[in-house]
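Quick setup: one chain, the form predicted alone, written in structure tokens, and binding and motion questions come after.
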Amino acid sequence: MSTLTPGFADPVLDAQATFRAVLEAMSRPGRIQRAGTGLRPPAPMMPAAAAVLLALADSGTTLWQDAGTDAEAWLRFHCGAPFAAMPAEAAFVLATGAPPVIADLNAGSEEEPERGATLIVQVAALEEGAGWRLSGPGIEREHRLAVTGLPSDFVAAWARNRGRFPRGVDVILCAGERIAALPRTVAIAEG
């Protein structure tokens, strides 16, 4: 078993900064923000994904992850979140490999759409100005975001997810110390 690495250097200020970065990313879909600077979570977890979970997950939110036993021990220690047996049972789903099928995750209900899961997906790269054409709330006309490392059927799965609105799953993409968000309201068109 590996040694447990530290979480945030300053738990309060770093959690607040990460929360603001996530809030900015969700309110401006496709805009890249920074999170997790200085974090050294266990591999294969990236600093940005670890920071998002440290800021958002707690003892009242269920978590599922595919990063292995070292990551589970690290997240249990630093977040205190209970772990779900399956992705469909979790409020937060961390995918360090191939993400689970969006349609299989908790989409909330008509009465409580805010209970839909947040899928945190690690990707190889994020770049603004190229790739997908994003539109919807928080985007004046169109925003471009290139994402490297998602399955080829992601855009089609996203369209089905968006069709369930107000129910649905929100996605936070993480690459190293960078994040970009796709709230369930955003439309994605191929570049």
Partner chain sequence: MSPPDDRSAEGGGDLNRPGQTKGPVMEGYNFAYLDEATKRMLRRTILKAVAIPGHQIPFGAREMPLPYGWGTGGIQVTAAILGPSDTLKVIDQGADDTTNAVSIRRFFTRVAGVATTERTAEATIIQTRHRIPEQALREDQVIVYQVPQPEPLSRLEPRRAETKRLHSLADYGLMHVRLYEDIARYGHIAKAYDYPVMVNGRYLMAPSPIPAFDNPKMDRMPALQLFGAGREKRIYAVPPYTEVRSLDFEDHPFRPIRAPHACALCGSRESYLDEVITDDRGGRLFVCSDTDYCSGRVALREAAE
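Not measured: the values here are computed from a predicted model. Numbering follows the first chain given and starts at 1.
Just so it is clear, the following notes concern the form predicted in complex with the partner chain, a form of the same protein that is not shown.
Using a 4.5 Å cutoff between non-hydrogen atoms, Gly176 does not count as a contact of the partner chain in the model of the complex.
The closest non-hydrogen atom of Pro137 lies within 4.5 Å of the partner chain in the model of the complex.
Taking non-hydrogen atoms only, Thr96 never approaches the partner chain to within 4.5 angstroms in the model of the complex. A residue is said to contact a partner when one of its heavy atoms sits within 4.5 Å of a partner heavy atom; Arg31 meets this definition for the partner chain in the model of the complex. When the partner chain is considered in the model of the complex, only one residue from Pro166, Pro44, Gly149, Gly131 comes within 4.5 Å through any heavy atom, namely Pro166. Note on the partner interface in the model of the complex: the residue among Leu39, Leu126, Ala55, Leu63 having a heavy atom within 4.5 angstroms of the partner chain is Ala55. Using a 4.5 angstroms heavy atom cutoff to the partner chain in the model of the complex, all of Met26, Glu112 and Thr185 count as contacting.
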